[in-house]
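The form predicted alone is given below as one chain in structure tokens.
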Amino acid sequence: MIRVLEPGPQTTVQDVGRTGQMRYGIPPSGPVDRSSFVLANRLVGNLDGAAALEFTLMGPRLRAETPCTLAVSGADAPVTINDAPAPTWTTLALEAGDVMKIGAARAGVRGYIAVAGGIDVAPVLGSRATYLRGRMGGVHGRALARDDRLPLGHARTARPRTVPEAARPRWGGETVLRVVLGPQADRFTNEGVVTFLDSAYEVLPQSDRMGARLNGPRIAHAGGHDIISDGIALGAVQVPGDGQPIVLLVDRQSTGGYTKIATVCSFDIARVGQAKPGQRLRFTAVDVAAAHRLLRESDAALAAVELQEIA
């Protein structure tokens, strides 16, 4: 059992997501940065999809009510246990009464706290993931609050390990995202498509788990920005009438009536979700065959990460 002493600005329970419900208007939710989430779970001996915590910009302060094993990954944020510095991307053992605190992110936006055994809240529609707008999953469908108590599942024995430095992501700076143009790229002028691919766009503070709102050179439509509503994929880049792109993320709506100039490839979604307000993003187009190849390479790289034993 873990008790929440301070929840942070937005900390939620997430697992790998709620599949098969978009037809009912329910998004998958789950972690914005899937690779960091998976590696945290591996560090504590969990299956990749076990429920863990996702925090935003600043982490929570938690107290172990029983001995447990944790790991923190994702955004670069300071971690302390009983006020003593502790490493991220590393298996950490807590005794009953120990207090872990995670400070403000120095780089990146979203971090992950995996606990051996997983967060054992009740599944909703087959998933423990929190969907905030739908008030579904996690702890009563909301972000964590002070004095919440988080039950833990049966834990496997977790050996002390760490993620090698080379396998840890680096956040910050100008980021280039791979996109496949379409499905409505033909609804933009040639100049508009060139503007989209040749310009830098700044992440706005209004961004959230639903989508990253961007600001930059206006993207020109060829014949209006409205279409008959159709399905929205992860990473779809909507461009409403103001010509400013919105990259849709894990809590996106299921359908929408704005033109979509491109789709960010799934292996680059974490880079969108880890970009702080004010950070600049650029887009580069790849074809579908290249996107498939890059996805296979990304999946293989994650599968190949060998956690290092700690003596």
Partner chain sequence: MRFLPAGDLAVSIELGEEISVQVNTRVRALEYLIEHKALPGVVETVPTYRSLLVYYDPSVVGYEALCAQLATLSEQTTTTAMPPAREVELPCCYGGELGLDLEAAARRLELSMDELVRLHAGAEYLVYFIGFTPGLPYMTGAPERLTIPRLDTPRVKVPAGSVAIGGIQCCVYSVDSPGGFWLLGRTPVRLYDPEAAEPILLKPGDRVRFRRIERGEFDDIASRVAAGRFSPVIR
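This one's a predicted model, so the numbers in the text were calculated from it and none came from an experiment. Residue numbers count along the first chain shown, from 1.
Another form, the form predicted together with the partner chain, is not on view; read the next lines as being about it.
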Answer range among 265 to 273, 239 to 247, 36 to 44, 53 to 61 for contact with the partner chain, defined in the predicted bound form as heavy atoms within 4.5 Å
265 to 273
Just one of A200, A233, A155, A222 has a heavy atom within 4.5 angstroms of the partner chain in the predicted bound form, so which one?
A233
The partner chain: the contacting residue among R146, R168, R135, R218 in the predicted bound form [heavy atom, 4.5 Å]:
R135
Could you confirm whether A107 comes within 4.5 Å of the partner chain in the predicted bound form, counting heavy atoms only?
no
If you check in the predicted bound form, is L295 within 4.5 Å of the partner chain, heavy atoms only?
yes
Is it the case that L150, even though its partner is missing from this view, gets within 4.5 Å of the partner chain in the predicted bound form, heavy atoms only?
no
With the partner left out of view, is P9 within 4.5 angstroms of the partner chain in the predicted bound form by any non-hydrogen atom?
no
What residues, if any, in 12 to 41 have a non-hydrogen atom within 4.5 angstroms of the partner chain in the predicted bound form?
R18, T19, G20, Q21, M22, R23, Y24, G25, I26
